[in-house]
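What follows is a single chain, given as structure tokens, in the form predicted alone.
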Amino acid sequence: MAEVEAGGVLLRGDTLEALRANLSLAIPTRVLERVARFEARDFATLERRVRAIDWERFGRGFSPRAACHASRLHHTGAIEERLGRWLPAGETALLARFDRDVCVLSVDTSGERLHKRGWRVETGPAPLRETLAAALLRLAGWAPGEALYDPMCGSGTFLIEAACAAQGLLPGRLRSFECEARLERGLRARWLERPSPSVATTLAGSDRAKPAVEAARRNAERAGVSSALSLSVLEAAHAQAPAVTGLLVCNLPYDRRAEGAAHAADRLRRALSGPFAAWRAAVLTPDRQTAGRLDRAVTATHAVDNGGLRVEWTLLSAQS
């Protein structure tokens, strides 16, 4: 059973379930294993509660990180220094979050952030995190079986994430996780051996830059999905729909990451009014003015953060 809480989703389970979550969940940034939750208004109480925990269950050594909000213990550096004094030092991140004097201690089971799938070695000038791409596809209502096209595919993140989902490939299959050191060998293989259904899906994309398309092809090969994608060097305005209907996705250039959002939107508008008129669309735009250049009815917008920039995921209806 999952419960939504501030900053994430709470799942019930043990370290084995944490491994399963790291392997199979496409959207989270990290999977944290909660150690304890208690009230601590002073260092004496914090020390007493920390020393009472059986830390051997959670790792060999820890690197403390603190965050504080509206609490008497508010100096993050002092908290991290004390925790480092009371616990054995190591590489496993221990997160201490204080909110209104309530301390929540959590151990990082992921290691590197989960957007690092292991296949995207090459990126373009405006990269999109894999976890964000998976979340945006979900927000757009896309699911395997629906055709997908990206006319400015860059290094291929949207398409490769979609291809992995369509083929039933676990997002974390190509990398390791911090929690694996605490589990017996072979458990990871058991999860990977479980068959997942594959859904036939038309997946295609293009980009005006040949180096970007070549990078996307190599990334797709590393992900093991190159045969599921059709990629070409092409201007967005000249793109052709590979199916009668589907979802067109696009990460338009914007702000400091790349220039030419208005011109890119104009090229995309020509595709949307022509071959993709019967397709719905989902586009990352820097503002509503840029989205307005696409001449499509907006069905929903979602504010998201991409590389420290606030942008909008704009959903557009198909032309009637």
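In this text the structure is predicted, and so the values were computed from the model without any measurement. Just count from 1 along the sequence shown to find any residue number.
Absent from the display: the form predicted in complex with a small molecule. The rest refers to it.
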{"property": "Per-stretch contact check against the small molecule in the predicted bound form, the hit in 137-145, 229-237, 170-178, 87-95 (non-hydrogen atom, 4.5 angstroms)", "result": "229-237"}
{"property": "Partner contact for P127 in the predicted bound form: the small molecule, 4.5 angstroms, heavy atom", "result": "yes"}
{"property": "In the predicted bound form, R270 touching the small molecule (heavy atom, 4.5 Å)", "result": "no"}
{"property": "In the predicted bound form, C153 touching the small molecule (heavy atom, 4.5 Å)", "result": "yes"}
{"property": "Heavy atom of L73 within 4.5 Å of the small molecule in the predicted bound form", "result": "no"}
{"property": "Of R208, R188, R82, R222, the one that lies within 4.5 Å of the small molecule in the predicted bound form (heavy atoms)", "result": "R208"}
{"property": "Heavy atom within 4.5 Å of the small molecule in the predicted bound form - residue from A204, A212, C103, L247", "result": "A212"}
